[in-house]
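In the block that follows, a single chain appears as structure tokens, in the form predicted alone.
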């Protein structure tokens, strides 16, 4: 059974009675343990698709199944719990609290997790260590480089040990060297910890970390191909 499946997925936004279709009848499956890149030009629907798959928005048409259950059957409370426990998010803009330490930023998702509070510090330290920032525990975002900020964002996404990591243009605000460090960390999480990764990008070098590339154009799937990961030499098999 696939982890995620969409059938004839549609998304249309309406503003002042003007309907703008963004996604037009997408159908595909994503299995556990896949590293999938979604590519396409601006306006192709990449981020909208991520928001739907990440349960941040509900589609306007079609079906979306997560773990075999149609997401329309979940209540808003159930969606929020599923998002908090199963999904981790990394965004281009980092979204860190500015006057809060690395340690406290990473602990933030645990406030809503239902996990016992006495475990929070250990879980946060483990996530921070996984991205190589144990020496920055007490630093605030203003004291970090762009690459370090993104690594904090990855640690925050990891802290609940989610099943899926969604990364929306995670290297978009970084220089190429920092971007490679960030992508190496994401790939390590995939290879060594088994996280399913869904990456949104328009950068070819970033896409090369995946083993499958879905290309969107005008809200439709232009191609969906398994590729040889140039960095690991691995072709995803399930």
Partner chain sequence: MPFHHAARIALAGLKTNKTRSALTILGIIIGVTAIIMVVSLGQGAKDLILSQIEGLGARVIGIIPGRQPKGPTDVLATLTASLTERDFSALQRKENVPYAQDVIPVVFGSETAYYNGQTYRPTLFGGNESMADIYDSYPERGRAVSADDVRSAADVVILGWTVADTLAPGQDLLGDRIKIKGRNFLVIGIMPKKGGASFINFNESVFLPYTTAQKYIFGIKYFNRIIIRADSEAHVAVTVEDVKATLRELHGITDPDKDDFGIETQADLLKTVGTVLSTLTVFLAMVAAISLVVGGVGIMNIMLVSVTDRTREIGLRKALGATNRNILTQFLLEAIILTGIGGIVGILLGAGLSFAISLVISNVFGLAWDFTFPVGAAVLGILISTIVGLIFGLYPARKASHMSPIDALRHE
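Residue numbers count along the first chain shown, from 1. Here the structure is a predicted model, which means the values were calculated and not measured.
In what follows, reference is made to the form predicted together with its partner chain, a form of this protein that is not presented.
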Residue 51, heavy atom within 4.5 angstroms of its partner chain in the model of the complex:
yes
Although the partner isn't part of this model, could you tell me whether residue 156 comes within 4.5 Å of its partner chain in the model of the complex, counting any heavy atom of the residue?
yes
Touches its partner chain in the model of the complex: residue 56 (any heavy atom, 4.5 Å):
yes
Answer yes if any heavy atom of residue 80 is within 4.5 Å of a heavy atom of its partner chain in the model of the complex; otherwise answer no.
yes
Ok, 143, 95, 134, 161: which has a heavy atom sitting within 4.5 Å of its partner chain in the model of the complex?
95
Out of 38-46, 56-64, 203-211, 181-189, where are the residues with a heavy atom within 4.5 Å of its partner chain in the model of the complex?
56-64
If you check in the model of the complex, do 126, 129 and 166 all have a non-hydrogen atom within 4.5 Å of its partner chain?
no
Heavy atoms within 4.5 Å of its partner chain in the model of the complex is the criterion; list the residues of 76-92 that meet it.
76, 77, 80, 83, 84, 89, 91
